[in-house]
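What follows is one chain in structure tokens, specifically the form predicted alone.
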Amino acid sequence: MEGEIGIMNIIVCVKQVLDPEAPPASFKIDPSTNKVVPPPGMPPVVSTFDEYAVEAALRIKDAQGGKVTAISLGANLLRDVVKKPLSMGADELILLDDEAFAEGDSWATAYALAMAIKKIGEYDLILCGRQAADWDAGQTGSGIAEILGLPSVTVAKKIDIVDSKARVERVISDGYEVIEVSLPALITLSNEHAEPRYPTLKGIMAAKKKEPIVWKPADIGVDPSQIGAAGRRTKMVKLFQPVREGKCEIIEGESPEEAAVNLALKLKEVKIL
């Protein structure tokens, strides 16, 4: 449903992920379940790309007013983590928090989020990160748009709202292209967008006082067989950490000049020179 442009109802999808800044050596994989074992002592965070989407929503709100609703999906979501959009300045937080939502693929996640957005009803713009910082699939945003029948633009670095339309600067390999799209629409944000703002002390205190709205599968009218692990349309065959092996050969010589010649001969032998 399209709201009144000028009041701008914006929905931002955010995901709780394992901290991508954790040392690689701290990540372990359980081969029996094909799951990542969370690093000890490293709490999860909001996906970095989703923070850019929150920032984009808040900039639009700052410019022309409106309401920003953040929505997150998962199981046993940590309130201190998923409340970050509230502490940044979002107005409302909705959590799809239930074991039935866990372990879904891009389709199952997009479907559940789309059904929740349908329940919200009034929106002019849906914003997502270009991809999640854990799986990097970059499919959920486009999936939501397809299910809701909305136009979508991906990897945006700037959004301007003018006359019921979004003017989007979209990142491409050698620059950017400008696209104009009618609202309501879905846009995914790239990390070329302006840096996400830091939560202020006032924002953090306000977020602590706000209780999120929690929805279960029945609240958004979906059958548990359509979401989470049960609703997956893809199958994880194997999840593993790549093994990298390196070989080092010391090139020697009686003098630096001779060592240089030997090195050049070796590089020519392996067809690097």
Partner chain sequence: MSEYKGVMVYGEVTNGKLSAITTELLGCGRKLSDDLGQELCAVLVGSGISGLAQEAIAFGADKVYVIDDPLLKDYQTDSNVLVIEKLVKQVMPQILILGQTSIGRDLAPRLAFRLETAASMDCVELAIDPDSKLLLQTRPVYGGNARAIFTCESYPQIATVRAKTMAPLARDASRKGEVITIEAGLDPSVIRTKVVEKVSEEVAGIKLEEAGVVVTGGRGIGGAEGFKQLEELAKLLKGAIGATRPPCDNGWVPDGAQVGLTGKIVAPDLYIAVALSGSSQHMSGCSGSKNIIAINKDPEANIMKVARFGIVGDWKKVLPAFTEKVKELLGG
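Every value quoted in this text rests on a predicted model; they were computed, and no experiment measured them. Superpose the two forms; the largest set of C-alphas matching within 1.5 Å is the rigid core. Numbering follows the first chain given and starts at 1.
Note that the form predicted in complex with its partner chain isn't included here; everything after this is about it.
Between the options Val36, Ala206, Ala229, Ile213, the residue in contact with its partner chain in the model of the complex by a heavy atom within 4.5 angstroms is Val36. Checking Ile172, Leu201, Leu78, Val162 for any heavy atom within 4.5 Å of its partner chain in the model of the complex turns up a single hit: Ile172. Heavy atoms within 4.5 Å of its partner chain in the model of the complex belong, among the stretches 131-139, 92-100, 115-123, 69-77, to residues of 131-139. Ser87 falls outside the set of residues with a heavy atom inside 4.5 Å of its partner chain in the model of the complex. Residue contact with its partner chain in the model of the complex: Ile7 places no heavy atom within 4.5 Å of it.
The closest non-hydrogen atom of Thr234 lies within 4.5 Å of its partner chain in the model of the complex.
With a 4.5 Å cutoff on heavy atoms, Met42 does not count as touching its partner chain in the model of the complex; it lies far away.
Taking its partner chain as positioned in the model of the complex, the residues of 180-207 that bring a heavy atom within 4.5 Å of it are, in sequence order, Glu180, Val181, Ser182, Asn191, Glu192, Glu195. After superposition on the rigid core, displacement of the C-alpha of Gly253 between this form and the one not shown amounts to 2 Å or more. When the rigid core is held fixed, the Cα atom of Ala22 travels less than 2 angstroms between this form and the one not shown.
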